[in-house]
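Single chain ahead, by itself, as structure tokens, in the form predicted alone.
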Amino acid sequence: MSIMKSVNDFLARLSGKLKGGGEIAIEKQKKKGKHTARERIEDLLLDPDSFLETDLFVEHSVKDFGMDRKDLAGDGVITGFGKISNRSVAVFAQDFTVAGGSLGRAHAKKITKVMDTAAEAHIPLIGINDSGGARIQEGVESLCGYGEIFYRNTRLSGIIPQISVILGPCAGGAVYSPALTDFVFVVNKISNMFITGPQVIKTVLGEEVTQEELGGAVTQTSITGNAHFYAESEVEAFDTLKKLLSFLPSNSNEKPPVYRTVPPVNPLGDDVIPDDRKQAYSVRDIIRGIVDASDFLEVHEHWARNIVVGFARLDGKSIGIIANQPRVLAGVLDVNASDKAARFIRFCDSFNIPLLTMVDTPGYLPGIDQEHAGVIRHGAKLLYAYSEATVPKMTLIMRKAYGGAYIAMCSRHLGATFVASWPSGEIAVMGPEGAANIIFRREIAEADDPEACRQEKVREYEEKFSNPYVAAKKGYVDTIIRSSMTRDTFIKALSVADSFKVGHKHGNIPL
């Protein structure tokens, strides 16, 4: 074959592969408000002209049940490598225009191959999921493919960041790969995740539910907590993903990149906490008054909202923030808040991101529902995650720090490396009102004016126990600072504790 003929043959083959499932299938994809797999990689995710595609010409030539695998461009998935902000990443994107993005043996081998290369290169892995599920015609081969992907997700956990973007259906066993990764992105009216679909539920249980209600983006971010980031469009999802990566190292052997220091837009003053301990405020305002450029990337924003977690920078360095949210359930800890915080802490520890814990909580949420939901078991995950973490663990007590929740929110007793409190800090077994009612019950009952006596005993308890000075005298609090000093204090604390162990420590799923 002449050189020109071979070149022309190559170009013809290449053109066919690049068209995916063809113009009609692509048009259907567009009508759903979705981009093609190739557009997602080359136009929305990676730096321009940085994509190096692999295994474009892989095909499955066996005919099963009348389906010719040679008709499946790339066997329904695009794989390769590229750069985001000039940092290398590995990526795969399922192509719904090709046999509904269904996963067969060759499809799975392409994904596991790029996963193995990402492991060897120690670079983040990004998976874009848009698939009808297992390719039924390939039977157990499809199930084999899923298992090998799950195995690698688990083995890579805590070694390289793994990020999943759900941009279409993700059903059945396929949902477990995203669930094993570090972060999951979903897009409104586009993403769907569920084990069994609406039709199966209707047939088996007689219950009627829509795909959106069952496993849409709102459900997965606000009800189940299966997804970490919600977006209104694919463009927004990829923009947020790229911002997320800016806070992370490429692997567990590195520290996150350091950026130029930018002061907060509105630095904290000395009057940020309401005088009335029962009055709520938003901890997000406090966070933005401390961190660089007031820029805070919240994780799991819509789920377990009584606790806030996310990434920010302090003096140009990435930190992970865990903060009670007084505006929701007074900032109590419960089953979901414990799970949310524990998993975030383990991720930060895996990837060498120091922790800042901000405390204002009256304790664990009481009640039969919580006890029967296993608050003991779930609460223990939070204790374990903090105790296990080896990154710098800094704690700020803003107001209430009562009982077991004081211990659980990264107290000195769980290995905090630096603990500060504002003068408004209240560290005690329980709140002054409850404590006074118990300790001085008889005196209050026998007093001529029980209410006046009760108020006096509350003040007495506050002076003797419910303030940060008692803990500071015992060395459990390192320093007491005005709120306006918070940023400078923790920048200094972070610089002192900046030398710490890196390398693989553990996976990301708290058991």
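It should be emphasised that the depicted structure is a prediction, and the values quoted were computed from it without experimental measurement. All residue numbers refer to positions in the sequence shown, first residue = 1.
Same protein, other form: the form predicted in complex with a small molecule, not shown, and the subject of what follows.
Figure note: of the listed segments 378-386, 429-437, 135-143, 342-350, the one touching the small molecule in the predicted bound form, with heavy atoms no more than 4.5 Å away, is 135-143. Of the candidates 187, 319, 114, 99, 99 is the one whose heavy atoms come within 4.5 Å of the small molecule in the predicted bound form; the others do not. Listed residues 106, 174, 420, 409 were compared with the small molecule in the predicted bound form; 174 is the one with a heavy atom within 4.5 Å. Proximity of residue 150 to the small molecule in the predicted bound form: non-hydrogen atoms within 4.5 Å are present. A residue is said to contact a partner when one of its heavy atoms sits within 4.5 Å of a partner heavy atom; residue 169 meets this definition for the small molecule in the predicted bound form. Taking the partner from elsewhere, residue 464 is found to have every heavy atom lying beyond 4.5 Å of the small molecule in the predicted bound form. Contact annotation for residue 459: none of its heavy atoms lies within 4.5 Å of the small molecule in the predicted bound form.
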